[in-house]
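The chain below stands alone and is given as structure tokens, in the form predicted on its own.
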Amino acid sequence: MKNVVALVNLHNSPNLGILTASRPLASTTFLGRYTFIDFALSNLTNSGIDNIGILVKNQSRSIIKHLGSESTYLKNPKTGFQSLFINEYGINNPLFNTDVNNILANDWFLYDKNAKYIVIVPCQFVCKIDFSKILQEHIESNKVVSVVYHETSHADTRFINCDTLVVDALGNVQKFDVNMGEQEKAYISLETYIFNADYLREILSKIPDISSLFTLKDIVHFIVNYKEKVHAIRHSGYCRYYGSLKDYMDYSFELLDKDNLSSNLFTEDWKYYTTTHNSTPVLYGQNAIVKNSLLANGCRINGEVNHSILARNVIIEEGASVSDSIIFTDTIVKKGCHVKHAIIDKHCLIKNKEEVSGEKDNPIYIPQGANI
């Protein structure tokens, strides 16, 4: 789509506690071989949007390490252009480190690309979105702004602290609220917006006179309350919001169900891309036992793995076992060690402690590089 550009917004990503202490959610390992930003980028590229800017709030090292240069990551999804945007002033002034100020500091992207429409997406919602259809509905609505929402019957247990919206009979947003889990059914904002580019440029030019602390979410709320009708576009299908460490564990394990994985997220017509690694296939020893698990390339399994997710190059020695756990890249579990209800970060060595175990609703976390 030559007249469409996209911005992946990392500024409002939830904090998953110790898991995101040294990395943003965007570059956190997901399902062993992906990161969360891979799903946002893949949705865009599969939809034909190949000019993408990434609004980085902080911890840019982790993002750069995953995406590499503009050519490294893009060999797989075959996008035409991507750029990382950092608001250097905001890094030293956290109060002003907003997505809007990041755009204003890098606004050349909106003008150099001569865009007619601008798509803005976050990475904390994992779902399949065909933006070619979303854009078509936006254009047909004759509105200058649209917001994508997801209808749920589980608002009391999921999507907590997400925005909800009230939609009138004409498909326009009447107001926004916050989901506090008080009701089961709700329309959840996916913080995915489509702007007519000229209108967004105009609004951005006026924002410094309104508030230097405004966010993109604030802008959309302001438009609904004082400026224009905002069109609401319904997303249907699988959608999960990763807002806590418990969400991360629960929804990751939910996808161990092969039917759930293939029918809800990974379909034949919709591929998800990530960085390419030259690793061997998974190697299984003669005594290996693996049940109901996802294993990435490069793993070497000689022990037991049950109901777990292992990232690249994880080694489980004979006589070791892993269950109900997520293990990140390059971790080794030595003979005689047993891991259960755990998240083990990259480059760890489990060798001296026989039992490394948390609880189902309170998994133990082993930080990157630890020797246990």
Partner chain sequence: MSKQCVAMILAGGKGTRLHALTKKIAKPAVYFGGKYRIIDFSLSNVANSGIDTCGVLTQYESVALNNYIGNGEKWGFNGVGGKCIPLPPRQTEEGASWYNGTADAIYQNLDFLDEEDPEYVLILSGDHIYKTLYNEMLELHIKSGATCTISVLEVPLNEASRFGILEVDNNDVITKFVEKPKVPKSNLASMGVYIFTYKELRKALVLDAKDENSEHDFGKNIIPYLLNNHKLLVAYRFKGYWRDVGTVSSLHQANMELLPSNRNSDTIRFGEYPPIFSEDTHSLPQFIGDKATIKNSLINQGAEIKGEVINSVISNEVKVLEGAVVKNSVLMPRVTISKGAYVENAIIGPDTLIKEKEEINKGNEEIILIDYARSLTK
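Numbering follows the first chain given and starts at 1. Small disclaimer: the values here were computed from a predicted structure and weren't measured.
Below: the form predicted in complex with the partner chain, not depicted.
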With the partner left out here, check for me: in the predicted complex, does some heavy atom of Ser293 sit within 4.5 Å of the partner chain? yes
Determine whether any heavy atom of Ile160 comes within 4.5 Å of a heavy atom of the partner chain in the predicted complex, and answer yes or no.
no
Quiz item: Is there a heavy atom of Cys127 no more than 4.5 Å from a heavy atom of the partner chain in the predicted complex?
Solution: no
Query raised in the report: Could you tell me if Asn287 has a non-hydrogen atom within 4.5 Å of the partner chain in the predicted complex?
Result: yes
Answer among 30 to 38, 51 to 59, 318 to 326, 332 to 340 for heavy atoms within 4.5 Å of the partner chain in the predicted complex: the stretch 30 to 38
Only hit among Ile203, Leu190, Val282, Val144 for heavy atom within 4.5 Å of the partner chain in the predicted complex is Val282
Contact with the partner chain in the predicted complex, heavy atom within 4.5 Å, among Val166, Ile91, Leu213, Leu256 goes to Leu256
